[in-house]
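Have a look below at one chain only, the form predicted alone, in structure tokens format.
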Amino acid sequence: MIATLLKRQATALPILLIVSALLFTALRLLPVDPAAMSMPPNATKAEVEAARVAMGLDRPLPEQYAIWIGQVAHGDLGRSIHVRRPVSTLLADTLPATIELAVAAMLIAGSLGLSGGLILFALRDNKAEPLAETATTLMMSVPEFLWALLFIFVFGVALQALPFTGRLDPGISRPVLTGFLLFDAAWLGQWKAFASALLHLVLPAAALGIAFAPPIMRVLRASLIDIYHEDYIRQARLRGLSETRILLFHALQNAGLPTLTLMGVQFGILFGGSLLIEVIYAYPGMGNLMVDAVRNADLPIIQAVGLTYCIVVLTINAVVDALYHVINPRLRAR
């Protein structure tokens, strides 16, 4: 597993360089002058030109990229043009919130997807199967932002059962340790903050998780149906094994491989797709940071956030490949 992780990380480095180069070039082609935006409105042309030279914007584009990627390699992501703060500090404040939201949403999507897939498989050739198929199709047809708005109206406004803005209730001090609010509150014993953070996480995580659960249901169901036509399933029945044992200890392990792959891909998409959910729920994560950066043409933040998304997706893919080797004995034998 460790060897697989190291191998994937080594192959991910060229991909990361290509993505960073494309991102840097695309942003530099925009009709935006970072030097002028970093100066006060009453700055003179000479002052703007001096700022452009100081920022290295007077140099050729390949040289600008080499300078930037060298700074990134040393942990310097630049300074925000709009808020005048180091970009690394802004990412440290917002990345844990987005990871927390994405992990919670993936837990919901995985739980609903696996349980729903087993239910769909159990209903095969049953009169209720068309109804279950219609239900999953309906769930797939509703995008995450509509789930988000529906949850706000039902649970936030009509029932007033759950909060739907921010990460904590007003008046509750935020525990500061790692940036992961649930972990920090539990570790420091601030249970009131923990309960508030958990309640604030329910609606946005549910909106994302429910939207991503139906594909997992369908892939698991299809995989189980294919596997139940294999010879070793028939042999297990001939040996007198119960259907429950065959499902849990024989079929599900093999059907879990394509499902695990899909969940890894889904997690990467979900992590990037949290942007809109964060805006709807005023959730202070990287999505909101990116929206503010785009609105203010804050190129250093856009570059850093785009690069961070790429790193997270590549890391997720590497972990999924490693888990594949753990689950599938045929890969371990190679």
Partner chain sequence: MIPRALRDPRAFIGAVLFALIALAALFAPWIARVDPQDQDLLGTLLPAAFQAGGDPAHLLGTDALGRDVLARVLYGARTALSVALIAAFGAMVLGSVLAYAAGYLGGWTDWVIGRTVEIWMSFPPVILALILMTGLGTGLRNVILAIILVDWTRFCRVLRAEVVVIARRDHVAAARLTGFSHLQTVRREIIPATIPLLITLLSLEAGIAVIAEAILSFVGLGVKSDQIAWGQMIADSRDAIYQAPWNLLAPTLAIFLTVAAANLLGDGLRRTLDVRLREDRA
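Numbering follows the first chain given and starts at 1. None of these values were measured; they are calculated from a predicted model.
Just so you know, the form predicted in complex with the partner chain exists too; it's not on screen, but the next bit is about it.
Interface membership of F153, defined by any non-hydrogen atom within 4.5 Å of the partner chain in the predicted complex, is confirmed. In the predicted complex, the partner chain sits within 4.5 Å of a heavy atom belonging to E133. Heavy atoms of D226 reach within 4.5 Å of the partner chain in the predicted complex, making it an interface residue. Contact annotation for P284: none of its heavy atoms lies within 4.5 Å of the partner chain in the predicted complex.
The stretch from 93-101, 142-150, 106-114, 68-76 that comes within 4.5 Å of the partner chain in the predicted complex, counting heavy atoms only, is 142-150. A heavy atom within 4.5 Å of the partner chain in the predicted complex is found for one listed residue only; from A195, V176, L188, L138, this is L138.
At a distance of at most 4.5 angstroms from the partner chain in the predicted complex, none of the three residues L168, P170 and G209 contributes a non-hydrogen atom. Along 301-316, residues I302, G306, Y309, C310, V313, L314 each place a heavy atom within 4.5 Å of the partner chain in the predicted complex.
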